[in-house]
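Heads up, the chain below is alone and in the form predicted alone; it's given as structure tokens.
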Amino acid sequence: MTLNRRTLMIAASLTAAAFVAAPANAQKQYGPGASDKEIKIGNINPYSGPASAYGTIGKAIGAYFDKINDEGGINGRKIKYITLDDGYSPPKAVEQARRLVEAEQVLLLFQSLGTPSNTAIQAYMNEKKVPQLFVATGATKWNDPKNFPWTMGWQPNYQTEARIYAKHILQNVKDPKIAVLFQNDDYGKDYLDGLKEGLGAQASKLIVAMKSYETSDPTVDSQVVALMNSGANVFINITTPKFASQAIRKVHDLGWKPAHYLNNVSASVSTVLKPAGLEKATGIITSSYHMDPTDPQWQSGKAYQDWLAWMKKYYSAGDVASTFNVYGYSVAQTLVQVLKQCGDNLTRENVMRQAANLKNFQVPMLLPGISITTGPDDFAPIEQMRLQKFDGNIWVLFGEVLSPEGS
């Protein structure tokens, strides 16, 4: 074999090898915030201000990502989690979103909390084509892939929850006269719309009083007094944790004994009911879709034991009685699944594609019978709930798993 011929054959072999290797290399696609070693995730949470009780969710999420990183990350990539405080202020949320997208160059924004804050940044996130993924609010507007293809919710929506309460009232309260306390923003109005829809043609007759509050208000005591004076025998409590505690305490102290329905976002025993006084919360009805860590029926199971072990190791400062820490753990698991499905295609487009491709995904701390399913035209991951009543110590589940279509 001549030297030239041998040289040509070697060159040909190297070229062929290069072509064989090329498809594997070509499969790796990265958007901003992603690389062979890292996935950068942004988050906005109210660590201060009127909704600061929710701040533990952001911390729990970070603690779960610490666990994932200790186990080697996702497909060999570590998560870099950047979480910023907006004080539950929409203008501050806009400022923080811009910082995360433009300065930090995150791959996605995940679990930013609050209907007002997410509403303020929704147009911006969609204009920039950055995932606004699994937002921490149940407003119905997050399930609108046609108009906002970069925004997706996670928890059951507020209107569905309110319709479930309306149905229960109509079936169980004789001659209902309904009083409603609600936060004066899209979050509160979304619940109100669902309640009216659930009550149907009778809504204007059955709702005898409505009072709103602003997040800047020091208390809701005067609103609760006015609602009691309406003669209502049903109280719908649509409030965030600080104001939920105030309302529960005031209803009890006034000696008012309505059928009391509390929105799910303020159903934490440790954060809401204990500050109000457990005895004052007895008999309240709410809904749930995940396990309550204070409920003994779950505490011997693997899902709870795994969660508790994680809390002790990664979030020892967190409250093991708080449902908010169950929530943070569960939503973080959902994002990890999405990122696993992305494989080596870590572009913003593929993140949304995989988020819309969850099929009966089982999250351990969700209630039995409840799972996560999404699709290109379905940006509502969880659409089922169960009712529960507080017995003075724990929430007691009752009835069947409910969905927008019924049981």
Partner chain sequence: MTQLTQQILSGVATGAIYASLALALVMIHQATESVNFAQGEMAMFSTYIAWSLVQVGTPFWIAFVLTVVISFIGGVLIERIIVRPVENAPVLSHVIVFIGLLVIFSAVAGWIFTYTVKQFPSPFPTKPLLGGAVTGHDLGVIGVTFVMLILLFLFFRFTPLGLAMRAAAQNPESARLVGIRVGWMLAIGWGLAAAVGAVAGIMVAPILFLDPHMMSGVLLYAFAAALLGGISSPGGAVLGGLIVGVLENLVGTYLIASELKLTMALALIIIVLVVKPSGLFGAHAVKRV
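Definition used throughout: the rigid core is the maximal C-alpha set that superposes within 1.5 Å between two forms. None of these values were measured; they are calculated from a predicted model. Positions refer to the first chain, counted from 1.
There is another form of the same protein, the form predicted together with the partner chain; it is not shown, and what comes next is about it.
Visitor: Heavy atom within 4.5 Å of the partner chain in the model of the complex: which of 260, 77, 290, 249?
Guide: Of 260, 77, 290, 249, the residue with a heavy atom within 4.5 Å of the partner chain in the model of the complex is 249.
Visitor: With the partner chain left out of view, which of 207, 169, 113, 276 would have a heavy atom within 4.5 Å of it in the model of the complex?
Guide: By the 4.5 Å criterion, the partner-contacting residue is 276.
Visitor: With the cut-off set at 4.5 Å between non-hydrogen atoms, does residue 242 touch the partner chain in the model of the complex?
Guide: Contact check for residue 242: yes, within 4.5 Å of the partner chain in the model of the complex.
Visitor: Any of the heavy atoms of residue 197 lying within 4.5 Å of the partner chain in the model of the complex?
Guide: Residue 197: no, not in contact with the partner chain in the model of the complex.
Visitor: Taking heavy atoms only, is residue 221 within 4.5 angstroms of the partner chain in the model of the complex?
Guide: Output for residue 221 is yes: heavy atoms within 4.5 Å of the partner chain.
Visitor: Report yes if any heavy atom of residue 184 sits within 4.5 Å of a heavy atom of the partner chain in the model of the complex; otherwise report no.
Guide: Contact with the partner chain, yes.
Visitor: Picking from 227-235, 105-113, 67-75, 331-339, which part of the chain touches the partner chain in the model of the complex when contact means heavy atoms within 4.5 Å?
Guide: Of the options, only 227-235 has residues within 4.5 Å of the partner.
Visitor: Would you give me the residues of 189-218 that have any heavy atom within 4.5 Å of the partner chain in the model of the complex, in order from first to last?
Guide: The stretch touches the partner through 211, 212, 214, 216, 217, 218.
Visitor: Rigid core fitted, is the C-alpha displacement of residue 255 between this form and the one not shown 2 Å or more?
Guide: Comparing forms between this form and the one not shown, the residue 255 CA shifts at least 2 Å.
Visitor: Taking the rigid core as reference, does the Cα of residue 97 move 2 Å or more between this form and the one not shown?
Guide: Residue 97 C-alpha, core-superposed: shift of less than 2 Å.
Visitor: By 3 Å or more, the Cα spacing of residue 47 and residue 249 differs in the model of the complex; is it closer or farther than in this view?
Guide: It is farther: the C-alpha separation of residue 47 and residue 249 rises by at least 3 Å in the model of the complex.
Visitor: Where do residue 279 and residue 297 end up in the model of the complex, Cα atoms closer or farther than shown, with a change of 3 Å or more?
Guide: Relative to the shown form, the pair is closer.
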